[in-house]
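Presented as structure tokens, the chain that follows is alone, the form predicted alone.
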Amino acid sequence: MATAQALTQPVTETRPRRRRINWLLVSGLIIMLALILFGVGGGMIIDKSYAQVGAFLPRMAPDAERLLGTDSQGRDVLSVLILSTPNTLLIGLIAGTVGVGVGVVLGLLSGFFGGIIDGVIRTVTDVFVTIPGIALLVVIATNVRSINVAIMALIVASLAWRFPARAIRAQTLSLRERGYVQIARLNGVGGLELVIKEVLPNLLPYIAASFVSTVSQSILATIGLEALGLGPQNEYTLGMMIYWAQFYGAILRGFWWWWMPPIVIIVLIFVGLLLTSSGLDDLVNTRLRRSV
């Protein structure tokens, strides 16, 4: 009887759940890729001599030949913008890499081993977090004789490790109590080997999210310093474009084509990094995942 009823019941098919496309991450990566192509690809196409002082008549309004006009030094604004974009991204990339690298090492040592190591690292990190970052960076930058892109990145990286160290420490404190870590300890795995084989691989999503956030903060700090005139004087960056526009009174004189383009690129950079960071956070935090 039960067999007959089972045969009469409709058969329900189980379909595999479709994976939801992370549109935040995809949109952020598309924006960042477009900016990289604009800077790197455009730098291969344009004539770099157009970005030299005296290449054209100064303060020319945009026209069919000079799409963004020229500045007070006779430089083609579009050419300067194209050459400035990759340098600004490079500063953020270097500063983010150094900052996250130092932060990961400190966070792992502090969170996993604890004790005196944790006390010292946590205290030092808390002290640096309470210090106003931009004020300390201004002091450092003003005492450096010559600043280029690499030095600018290292100056910003000197404080970029603080928040990654705290975030990685918090995650390490949680991971070290997991079952697979305890099993590895029972099997004789310990010390740095346990950290590298069991803890570090599970921190990679958090490290990726911290990296994107640190790059964004580093670019913001870089632009802040450059807007004060403390950036590379002989290299093109978006912050220095804003500084020179302010120095020559472009806003008061109505030269919108000089100061508006770098601001638009900066906004796109932060929007792209914000969307990428939000998308990575969506992947890391399972509670934010929505079923289709």
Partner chain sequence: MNLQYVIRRTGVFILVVVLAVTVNFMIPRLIPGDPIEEKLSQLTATSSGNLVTGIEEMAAAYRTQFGLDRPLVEQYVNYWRDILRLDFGYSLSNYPETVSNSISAALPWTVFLVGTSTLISFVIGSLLGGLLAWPRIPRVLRGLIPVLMVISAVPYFLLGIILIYLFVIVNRIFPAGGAYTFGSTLHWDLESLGDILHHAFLPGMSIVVAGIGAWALNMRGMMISVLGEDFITLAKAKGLREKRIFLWYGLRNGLLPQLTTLALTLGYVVSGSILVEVIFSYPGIGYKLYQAIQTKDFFVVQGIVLVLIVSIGFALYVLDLVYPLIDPRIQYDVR
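Residue numbers count along the first chain shown, from 1. Not measured: the values here are computed from a predicted model.
The next section is about a form of this same protein that is not shown, the form predicted together with its partner chain.
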According to a 4.5 angstroms non-hydrogen atom cut-off, is M240 in contact with its partner chain in the predicted bound form?
no
Is Q217 close enough to its partner chain in the predicted bound form to count, meaning some heavy atom within 4.5 Å?
yes
Can you tell me if Q246 lies within 4.5 angstroms of its partner chain in the predicted bound form, counting non-hydrogen atoms only?
yes
L280: heavy atom within 4.5 Å of its partner chain in the predicted bound form?
no
Go through 168 to 176, 71 to 79, 89 to 97, 102 to 110 and give me the stretch that gets within 4.5 Å of its partner chain in the predicted bound form, heavy atoms only.
168 to 176
Let me know the one among P132, P201, G188, G115 whose heavy atoms come within 4.5 Å of its partner chain in the predicted bound form, would you?
P132
Between L83, I147, I140, I207, only one gets a heavy atom within 4.5 angstroms of its partner chain in the predicted bound form; which residue is that?
I140
Using the arrangement in the predicted bound form, list in sequence order the residues of 121 to 136 with any heavy atom within 4.5 angstroms of its partner chain.
R122, T123, D126, V127, F128, T130, I131, P132, I134, A135, L136
